[in-house]
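Just the one chain here, laid out as structure tokens, in the form predicted on its own.
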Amino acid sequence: MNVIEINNLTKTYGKARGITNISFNVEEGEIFGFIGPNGAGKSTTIRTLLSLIYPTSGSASIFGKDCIQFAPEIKREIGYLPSEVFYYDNMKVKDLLKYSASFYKKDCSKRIKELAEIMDLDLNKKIDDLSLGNKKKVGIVQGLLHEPKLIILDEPTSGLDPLMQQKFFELLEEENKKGATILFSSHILSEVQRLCNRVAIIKEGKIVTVEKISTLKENNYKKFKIETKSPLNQNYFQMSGVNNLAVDGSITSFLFRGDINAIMKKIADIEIANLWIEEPDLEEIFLHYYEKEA
């Protein structure tokens, strides 16, 4: 079953770019990555999905219900973290979270304590005394305190230090194991690579591709680095599928895409001292998609 279905969603702001014909689905129980550079249209898509703004055309549904028609009902089961959080400065953290919890017809006090402990958040501090990172933690606790079925995160790690990011990812993995579906929007590829099963890449308001992370990696280049006993002829690896070939003394490196057996036969015919074969990271794959588009 799809928890989120987005069909040809378009939002235009006069001449300013919004989003055009965005379509993708998020399946129940998956962690879905939504990735693109800043200004690509990620937040606009999410705000439209949450009916915080209305689409110019197209439609979206969550839990099989239309996002606009059933907005209040849907929101009870969603945890949302916007990319920037703004609060009443004069409130204490615990009062703000208590106030948030009052919208959901259940007792969230135990959960608030648990989350504050995991995220190392002082509940007795006033909001205006908090650093940017700690305000972000308040947003995370606020988004998760009612144990939502769907968690929508817009650039959730900005402002968190690396240790906190690690804890936050573990927390999300826990929620996902318990059955929560997660839409994770980010411009940081390593985050998406670590957490997500599938990813939609957005560029300039349009979807470039929707792929499994594993497929993105498989269909792409492998990185080869070969150390030989004696320097190789520059042309030895000139064959189809080889790119970015560089020979530096006894080390030859290149990117390869194609039948791996063909390249292994070439390698078998030379005396090698060492060999490294690596997956390119999403960063390189991502650039490849952007170049292809351009």
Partner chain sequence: MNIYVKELKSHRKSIIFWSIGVFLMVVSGMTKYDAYSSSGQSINDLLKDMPRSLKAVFGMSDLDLSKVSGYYGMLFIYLLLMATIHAAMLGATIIAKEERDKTSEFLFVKPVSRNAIITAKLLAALTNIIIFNLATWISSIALIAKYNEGEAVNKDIALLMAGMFILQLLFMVIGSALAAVKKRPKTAGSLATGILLVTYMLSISIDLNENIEGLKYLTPFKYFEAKNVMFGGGLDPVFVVLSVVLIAALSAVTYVFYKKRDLNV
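Numbering follows the first chain given and starts at 1. The structure presented is a predicted model; accordingly, all values stated were derived computationally and were not measured.
The following text describes the form predicted together with its partner chain, which does not appear among the structures shown.
Contact annotation for the candidate site: 39, 94 and 151 all lie away from its partner chain in the predicted bound form (no heavy atom within 4.5 Å). Across the options 174-182, 161-169, 70-78, 112-120, residues that bring heavy atoms within 4.5 Å of its partner chain in the predicted bound form belong to 70-78. Checking 51, 253, 61, 228 against its partner chain in the predicted bound form, a heavy atom within 4.5 Å turns up for just one residue: 51. Interface residue remark: residue 100 is counted as part of the site for its partner chain in the predicted bound form, having a heavy atom within 4.5 Å. Taking the partner from elsewhere, residue 204 is found to have every heavy atom lying beyond 4.5 Å of its partner chain in the predicted bound form. In the predicted bound form, no heavy atom of residue 257 sits within 4.5 Å of its partner chain. Taking non-hydrogen atoms only, residue 186 never approaches its partner chain to within 4.5 angstroms in the predicted bound form. Of all the residues from 76-90, those having a non-hydrogen atom no more than 4.5 Å from its partner chain in the predicted bound form are 76, 80, 82, 84, 86, 87, 88.
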